[in-house]
Structures are given as structure tokens and as C-alpha cells.
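We begin with a single chain expressed as C-alpha cells, specifically the form predicted alone.
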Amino acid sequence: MRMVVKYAKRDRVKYISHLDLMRTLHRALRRAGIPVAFSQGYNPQPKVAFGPPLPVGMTSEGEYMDIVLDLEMNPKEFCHRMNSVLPQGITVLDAVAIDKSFPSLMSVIERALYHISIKTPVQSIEEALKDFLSQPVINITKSGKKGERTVNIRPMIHRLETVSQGKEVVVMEAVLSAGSKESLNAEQMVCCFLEFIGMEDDSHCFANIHRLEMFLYKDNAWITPLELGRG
């Protein structure tokens, strides 16, 4: 049996790394007595795979992992047993059974939805966003194993708009590329936008970034991984 699991990483644990988060979830699977299948060979590994990692400092209610089990299990029972052993700040939200032959989540997830809150005195934020997105090229510098390289992130910003604006705080919603094919860190995009409006050196423009959901493209539609088990 293969199961897709959605979970949340909240404010209390937003500064733990993806590696530590994986270790915590592996330990929780053992403590909850989940019948996880293991690979064959001299060093058997649990058959657990994770979706695109969340950068340190961000919160999320749209994280995913998929698990192969040796025995059939009710998804609701899985959620209950996991939540009874997980530490505060990490919560399993839902789970569904999916076809074993479906490709890995990491290879099919392509987009993610974020809520981004920034403090800015700029009143005409919508005009600023419109001007920012009208640029055909928005270059940033990315660092990797092969050194630094310049990347045009404009094709990775699929939607960026304001959803509310108070006296000091603006909340924006963004759909960005995510996954193994191409991925844009939401914080990098925010820094790029703040630089565009001349606020890159203002420490008061602290951005709170929350990932709401991830999506894959299937049968001519964008769906969430949970919808794989409901079609």
C-alpha cells in the first residue's frame, strides 16, 4: 500500500532544517508503530519520500511525503497514530492511498502557493507589483556546487498579487515554481521585489512566508497531491 501524507510545519519548529525534520518524521513513524516497508539489500531504508523541502524560517500547511506500507492501513488511523507521537509544531493533516505505480512526488510537483506578509510604507503596492512583473527578465544570483550562476526567475513567477493591505503590512499571494525541474525560493523573490522598490536595506521589511499548498499537473489540470487519491 502506498499513501500520500500532507503535514504542517508551524512557527514553533520553523528553524529546524529539512534533514532534522525528516529524522523527526522517521522517528515518529517508528514510535507510532506504522508498518513502513523497507528496501532490500545490506542497508535497508524505509520507503519514505518527501516533497520539495521548505527553506528554514518558513512555515507551512502544505508539506507532503509519500510512504509505502507493508500492510493495509486506514488513512485516518495513520493520521491519529502519527499525531499522538509527533512533537508540537508538526501535525499530520490528511492522508490518502494512491496507486503504487505513480511517479515520485518530487518528480511531479511543479508549483507551490505562498502567503507572504511584508511591512512596507509603499502605498501603491499594486502598481509596484505590476511594474515588477512587467519586466521580461528578473535576474538573481544562485549559488550551487558549481559556483554562482545568474538565473532569470521571471518565468518561475506564475502569479503574484496582493490579497490585503493594512497601514503597514501587505499580504501577497504567490504561485511559484517548485520541484526537481525548476524551483524558486519565495524569500529570494521577496528580496528581489524589495530591491526593486528600493527597500532592500530596510530591516523593518521582514517578510513572513507561509507555504499553503503544492500542485502537480495531471489530466490538463493543476491538482494537489491529495487529489491523486480521490480521482
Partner chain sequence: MDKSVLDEILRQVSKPVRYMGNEYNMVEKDPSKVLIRFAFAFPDVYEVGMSHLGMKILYHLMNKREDTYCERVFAPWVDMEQKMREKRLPLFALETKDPIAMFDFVGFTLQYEMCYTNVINMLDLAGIPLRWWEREEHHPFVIAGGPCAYNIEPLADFFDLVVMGDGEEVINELLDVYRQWKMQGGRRQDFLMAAAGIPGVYVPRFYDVEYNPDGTVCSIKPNREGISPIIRKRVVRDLDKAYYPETMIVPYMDIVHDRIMLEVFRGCTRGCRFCQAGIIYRPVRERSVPRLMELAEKLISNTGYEELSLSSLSTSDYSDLEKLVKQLMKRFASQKVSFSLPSLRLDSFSRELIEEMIKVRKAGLTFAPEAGTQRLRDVINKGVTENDLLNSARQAFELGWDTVKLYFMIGLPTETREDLKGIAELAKKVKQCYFDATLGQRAHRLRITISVASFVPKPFTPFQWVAQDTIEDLNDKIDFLKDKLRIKSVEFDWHDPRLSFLEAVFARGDRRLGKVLLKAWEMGCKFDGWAELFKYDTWLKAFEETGIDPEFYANRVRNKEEVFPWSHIDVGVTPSFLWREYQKALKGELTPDCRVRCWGCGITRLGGLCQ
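Note that the rigid core is defined as the largest set of C-alphas that superpose within 1.5 Å between two forms. Residue numbers count along the first chain shown, from 1. Everything quoted here is computed from the prediction, not taken from an experiment.
If you look for the form predicted together with the partner chain, you will not find it shown, but the lines that follow are about it.
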Only one of 176-184, 161-169, 189-197, 40-48 gets a heavy atom within 4.5 Å of the partner chain in the predicted bound form; which is it?
40-48
Contact flag, Ile223 vs the partner chain in the predicted bound form, heavy atom cut 4.5 Å:
no
Verify the contact flag for Val85: yes if a non-hydrogen atom of it lies within 4.5 Å of a non-hydrogen atom of the partner chain in the predicted bound form, no if not.
yes
Even though the partner isn't displayed, in the predicted bound form is Val13 close enough to the partner chain, meaning a heavy atom within 4.5 Å?
yes
In the predicted bound form, does Leu216 have a heavy atom within 4.5 Å of the partner chain?
no
For the three residues Arg27, Arg31 and Ala207, which mark the spot I'm curious about, does each lie within 4.5 Å of the partner chain in the predicted bound form through at least one heavy atom?
yes
Any residue of 165-179 with a heavy atom within 4.5 Å of the partner chain in the predicted bound form counts; write them all down in order.
none
Once everything's superposed on the core, is Ser180 shifted 2 Å or more at the Cα between the shown form and the other one?
no
2 Å or more on the CA of Gln165 between the shown form and the other one, with the rigid core superposed, yes or no?
no
For Gly33, state whether the C-alpha moves by 2 Å or more between the shown form and the other one after rigid core superposition.
no
